[in-house]
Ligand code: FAD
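First comes one chain, alone, set out as structure tokens in the form predicted alone.
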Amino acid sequence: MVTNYNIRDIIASSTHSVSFEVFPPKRDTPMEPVMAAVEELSKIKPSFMSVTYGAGGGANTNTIHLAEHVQKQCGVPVLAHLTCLTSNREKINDEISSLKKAGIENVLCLRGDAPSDISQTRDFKYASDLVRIMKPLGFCLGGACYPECHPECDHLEKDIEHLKQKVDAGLDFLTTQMFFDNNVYFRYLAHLRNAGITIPVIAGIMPVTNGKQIARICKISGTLLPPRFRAIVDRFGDDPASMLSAGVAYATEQIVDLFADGVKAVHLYTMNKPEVAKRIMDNLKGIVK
């Protein structure tokens, strides 16, 4: 039985928090395989689980349905993603009503990707516009941040200025894009604190278990591969079993190092793979309690 749904409080009360991200099925594809994966992930006892908004900002009905299942049937606090760029005020109000009805109180406020045919006249231009609407409604609000700079921003200082506006609008916590060098995270955290951003910053970790995926992922996110990690991918990327073991080991080492240096919260981008999350959490036994 879940006794505390609020992620801000979960982070504050935990010595070491590990949460999982899952994604709903694409529109018009079966929900059952994702439900099965989510139920297996919930058995590993994450601090909370986040549910993305669906491919290309679609499938939002699946997002809320899956998030409600995570919280009510699996007994795990949930964070539902919500994007706003392609929505108008009426649609966002409908989304908020659906979230309230489902009992979801944690929302990750995102701008979302811009389609090529988007109208220049729209109700929401930035994630901060969504934060300002949702803050008075009692939600616990999270936001995304980019330790290696948002791909659409030309330098980190400007990106942090934009982030500060989003935080000042009412965010309770941040979750980083994935990174593979912990020094990148700690340098970024120092920049945020110097900019007056004091809310918790959850460290986003991607266990890479498929060498073919990494180039595409890094291109989309703007994440750089340190030489040490690139050597692992080059050596084991064509051997699935070896890459799985190496990816789990690398992610585990990152998490242990983060916790040892005082980080309280880590978020695993699980790619809906319970076996990967379980192997990492087994490695963390005795550290995460």
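Because the structure is predicted, anything quoted here is derived from the model rather than measured. All residue numbers are counted from 1 along the displayed sequence.
What comes next is about the form predicted in complex with the named molecule, which is not displayed.
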Is Phe179 part of the interface with the named molecule in the model of the complex - any heavy atom within 4.5 Å?
no
Taking the named molecule as it sits in the model of the complex, is Gln165 near enough to touch it, meaning that at least one heavy atom pair lies within 4.5 angstroms?
yes
Would you check, heavy atoms only and a 4.5 Å threshold, whether Thr175 touches the named molecule in the model of the complex?
yes
Indicate whether Phe236 is a 4.5 Å heavy atom neighbour of the named molecule in the model of the complex.
no
Name the residue from Ala144, Ile92, Leu99, Met134 that puts a heavy atom within 4.5 Å of the named molecule in the model of the complex.
Ala144
Choose from 99-107, 184-192, 210-218, 80-88 the stretch whose residues reach within 4.5 Å of the named molecule in the model of the complex, heavy atoms counted.
80-88
